[in-house]
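This document starts with one chain, in the form predicted alone, laid out as structure tokens.
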Amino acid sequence: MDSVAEHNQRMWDRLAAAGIPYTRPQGTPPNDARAKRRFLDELTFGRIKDIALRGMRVLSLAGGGGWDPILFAELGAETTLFDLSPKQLATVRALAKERGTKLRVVQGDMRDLSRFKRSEFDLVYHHHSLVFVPDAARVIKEVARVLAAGGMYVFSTMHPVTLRMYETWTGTGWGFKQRYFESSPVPRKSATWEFGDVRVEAPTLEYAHRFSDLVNACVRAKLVVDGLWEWSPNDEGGEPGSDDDLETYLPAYIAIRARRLPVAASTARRRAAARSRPRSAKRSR
């Protein structure tokens, strides 16, 4: 891990120790399989609702704070949970043990998936954490390598415009903390994460990745984008000038769904023939 990953790991372990909701599963899914699937589809905003999970090989990337890895496994997928924070992994590992759910748990930086084989997964689900790395293209390239032909990558992150506007209310409008074309961490006025009575100082490093960079990274990794969404969690708003109020004017998040195209039969035959040809063989003239 580099200094960014080491810093954010410390911050997320601090948040997890304090019990901030983002670091642990919220709510209780039903026991019935169909209802459990509806619960998962709500958590994943319907991005994967058409995928039959039984028998799938699923990577829950940076998924240590939610129900999705548990539910993927309980709905029949061979599931791997990968996350930076040991404390968040321990939370999900304990929950899986309590429920008798079979789940592989791996700790590491999402930019390095070298412990996984090429084409090892059919689905990679990655919720809201690209914001914590400066080089999102590296993550996308790694995911493309471990994604099987025909597989799907679904990921989301903070909206690159809205993230630069939080905490900027002047009394009459919002401004920008950073130019759109800057790639350094987005400055923040307060490092306090607050939920109810819980307040934690955790100055995470966050990066506002531009749409073009994310889509072009998918293109370079030979992934075909077939879905893009912008949304805010709710439209209830908040106090004038608050972040919740801003999210009624601009989306809080973006999400992208991309697929790795199946290898054409002719291409597959050529590759198989090349692998089976003796290395010493020469073409006849």
Ligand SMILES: C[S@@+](CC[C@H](N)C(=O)[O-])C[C@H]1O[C@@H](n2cnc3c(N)ncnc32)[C@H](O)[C@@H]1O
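Just so it is clear, the structure is predicted and the values come from calculations on it, not from any experiment. Position 1 is the first residue in the sequence shown; the rest follow in order.
The same protein has a further form, the form predicted together with this ligand, not shown here; the description that follows concerns it.
In the predicted complex, no heavy atom of residue 145 sits within 4.5 Å of this ligand. Within this chain, residue 62 lines the site of this ligand in the predicted complex, having a heavy atom no more than 4.5 Å away.
With a 4.5 Å cutoff on heavy atoms, residue 79 does not count as touching this ligand in the predicted complex; it lies far away.
In the predicted complex, this ligand lies within 4.5 Å of some heavy atom of residue 128.
For the options 73, 214, 84, 186, the one in contact with this ligand in the predicted complex, meaning a heavy atom within 4.5 Å, is 84.
You can rule out all but one of 159-167, 102-110, 173-181, 146-154: in the predicted complex, only 102-110 has residues with a heavy atom within 4.5 Å of this ligand.
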